[in-house]
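Have a look below at one chain only, the form predicted alone, in structure tokens format.
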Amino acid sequence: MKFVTEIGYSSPKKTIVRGHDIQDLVKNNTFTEGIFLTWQGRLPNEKERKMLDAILVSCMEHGPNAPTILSSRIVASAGNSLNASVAAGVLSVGEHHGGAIEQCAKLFQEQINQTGKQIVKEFEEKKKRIPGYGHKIYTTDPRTVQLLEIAQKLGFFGKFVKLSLEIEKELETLKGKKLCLNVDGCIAALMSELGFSWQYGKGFFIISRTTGIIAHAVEETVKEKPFRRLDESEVEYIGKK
């Protein structure tokens, strides 16, 4: 069996990551820069690093009611190891939780030459929901607001961000209510501005949210009694009696 890779290798003498000695990276670079290097094959400039930093912070934690955290805490409460609990949280990333980054980035990158109006019309005709818009809690996602402010300051308010906001405006006109560009959709636009392929979409959410998942799994193990179960009032049986 043989693997061919451009990413890295290790030997008894040294470890190389995209042409950089790991010892030099440890000495001179941040973890965020390491992510950029590993995924894109080059080190970021200062503005790119700051933008990626902001993206990773934006979705690292959102409370225990999110599927990633809830799943992890339940598994931890049953007496499982940290890695099993973290895996449970990561496995809950799907189409409706974190997965919209990938879907939305794919949409932006493949249809960047279309207008927001054309894209909204196309999805409406197919009776499909545009990923990255709307939120169960927010009318305006505060994380999106902050990320866009940073993007404007750093010079990443480009064609993908403008398309994302154009779609938001068209959706509001069509639906008669605001379906905000949520943090997933915003990250999709910004990762596109940074030059990342849409295939990395879920990776942004996984790396960021794993921070919160680990914290919650440890807290559940250390501070809570085993094991979690629903109260009778939270379960309604509707089958045959």
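The numbering used is simple: start at 1 and walk along the sequence shown. Heads up, when I say rigid core I mean the largest set of C-alphas that superpose within 1.5 Å between the two forms. Because the structure is a prediction, the values reported are computed rather than measured.
Omitted from view is the form predicted together with a further copy of the same chain, to which the following refers.
K.L.:
Although the partner isn't part of this model, could you tell me whether residue 113 comes within 4.5 Å of a further copy of the same chain in the predicted bound form, counting any heavy atom of the residue?
P.N.:
Residue-level check for residue 113: no, no contact with a further copy of the same chain.
K.L.:
Would residue 155 count as touching a further copy of the same chain in the predicted bound form under a 4.5 Å heavy atom rule?
P.N.:
Although a further copy of the same chain is absent here, residue 155 would stay clear of it in the predicted bound form, with no heavy atoms inside 4.5 Å.
K.L.:
Please check if residue 176 has a heavy atom lying within 4.5 Å of any heavy atom of a further copy of the same chain in the predicted bound form.
P.N.:
Close contact is absent here: in the predicted bound form, residue 176 is far from a further copy of the same chain, nothing within 4.5 Å, heavy atoms only.
K.L.:
I'd like to check something about residue 146: if you look in the predicted bound form, is any of its heavy atoms closer than or equal to 4.5 Å to a heavy atom of a further copy of the same chain?
P.N.:
Within the cut-off, so yes.
K.L.:
Tell me whether 130, 172 and 180, taken together, all sit within 4.5 Å of a further copy of the same chain in the predicted bound form, counting heavy atoms only.
P.N.:
So, no: the whole triplet misses a further copy of the same chain.
K.L.:
Where, among 162-170, 137-145, 103-111, 120-128, do residues come within 4.5 Å of a further copy of the same chain in the predicted bound form by heavy atom distance?
P.N.:
Contact-bearing stretch, as computed: 137-145.
K.L.:
Considering only 75-101, what residues come within 4.5 Å of a further copy of the same chain in the predicted bound form, judged by heavy atoms?
P.N.:
Residues within 4.5 Å: 75, 77, 78, 79, 80, 81, 82, 83, 84, 86, 87, 88, 90, 91, 92, 93, 94, 95, 96, 97.
K.L.:
Would you say residue 73 moves its Cα by 2 Å or more between the shown form and the other one, aligning on the core?
P.N.:
It does not, since the residue 73 C-alpha is displaced less than 2 Å between the shown form and the other one after the core fit.
K.L.:
Superposing on the rigid core, do we see a C-alpha displacement of 2 Å or more at residue 135 between the shown form and the other one?
P.N.:
Indeed, residue 135 is displaced by 2 Å or more.
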